[in-house]
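The chain that follows stands alone, in the form predicted alone, written as structure tokens.
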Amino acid sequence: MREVAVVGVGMTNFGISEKTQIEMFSEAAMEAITESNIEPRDIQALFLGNVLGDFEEGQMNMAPMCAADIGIPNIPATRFEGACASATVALRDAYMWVASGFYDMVLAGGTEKAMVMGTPMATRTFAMGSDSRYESFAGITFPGAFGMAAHLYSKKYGIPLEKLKEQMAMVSVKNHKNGVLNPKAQFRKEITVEKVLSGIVIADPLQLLDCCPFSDGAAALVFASADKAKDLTKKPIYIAGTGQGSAGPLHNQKDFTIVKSRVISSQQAYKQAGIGPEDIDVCELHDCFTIAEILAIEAMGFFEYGKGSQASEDGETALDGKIPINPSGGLKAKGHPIGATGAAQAYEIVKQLREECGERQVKGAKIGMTDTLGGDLATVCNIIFRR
């Protein structure tokens, strides 16, 4: 297997867009291609994360449409779907194809336009990421699933629910504070713990500001073999390790305060990279809900099980903390266009390792990691990047 580097990244603003999904991806892709000092014709394949294009805009088979829109209509172009982890699965496959030697240069990323559906339709279609036989028909939603996870976490570790709600609120406050510093973020406004705790209840104990928004957006990365990367950029960022894990529906998971698919995936990535969680300098992880960030920092090995909520309260996940988590603002403030989220996380990590993040820059970051979760904890994909 060859060494592989990211040589260019691009990303749209997140939030509400008047552009189509194809137009958004083209914007991000051309930024990544331009950064890479290449022409579109140099790209040999395109891997696209997208989840709900058929429901959102009536557009299936979107990958070849995206390829054509940027001037490379005849290359292999494939859509990847792993619910919210779709883009990261696409990135991981792009890395493996280049590492294998089959391709020298691949464009990968994701695009999604959820806002056009409105809340009822978006809620219904997002729920399709859970098990259709035993979960979605009974009315389960992702806020409901993570609300249950918060109750389980509270009981399992003896943390009073009101105390846990405050700690979850601190996760939201931290990510909004980071989002203020990100010019591409959907929400660029600080909030307070009091504001979070006074919000409407979405799925007890989760309140409105414990939940990430629906978003429009796209992001893209260019992967190249290491020998070509040196000629294309002065700041190649290398792939050190990847992992992907799966799990069945929630009723098959014995304890979903510990996301087994994430444990498996992150351990694969650490093993390939030859490092441990203590070596990660910065991480973008899947904070679709505030409790989700707490569960993730434990499953990925940054903190002991049952200690993640206290670590969040103590500021250990802040920009200047032990392990800075979601300097971009995360899904909570940056936004969550589901098919694009994993690529946006990778965009942030590449920028961090290049030291191009301005006020939100994590000082001395040399190794970064992304973590993207799809569906009812069923798909998790991790990528470790290094300078």
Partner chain sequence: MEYKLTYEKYKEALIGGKFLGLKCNKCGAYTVPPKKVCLECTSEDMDIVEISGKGEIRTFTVIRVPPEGFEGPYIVGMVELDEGPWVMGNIVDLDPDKAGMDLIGKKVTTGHKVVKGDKFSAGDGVALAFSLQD
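As the structure is a prediction and not an experimental result, all values here were calculated from the model. Residue numbers count along the first chain shown, from 1.
A second form of this protein, the form predicted together with the partner chain, is not displayed here; the remarks below concern that form.
- Comparing 228-236, 215-223, 169-177, 242-250 against the partner chain in the predicted bound form, the single stretch with non-hydrogen atoms within 4.5 angstroms of it is 242-250.
- Annotation: in the predicted bound form, residues Tyr134, Phe137 and Asp255 each come within 4.5 Å of the partner chain through at least one heavy atom.
- In the predicted bound form, the partner chain lies within 4.5 Å of some heavy atom of Met148.
- When the partner chain is considered in the predicted bound form, Ser154 lines it closely, a heavy atom lying within 4.5 Å.
- At least one heavy atom of Asp204 is located within 4.5 Å of the partner chain in the predicted bound form.
- Proximity of Thr141 to the partner chain in the predicted bound form: non-hydrogen atoms within 4.5 Å are present.
- When you look in the predicted bound form, the only residue of Thr123, Gln310, Ser198, Thr192 with a non-hydrogen atom within 4.5 Å of the partner chain is Thr123.
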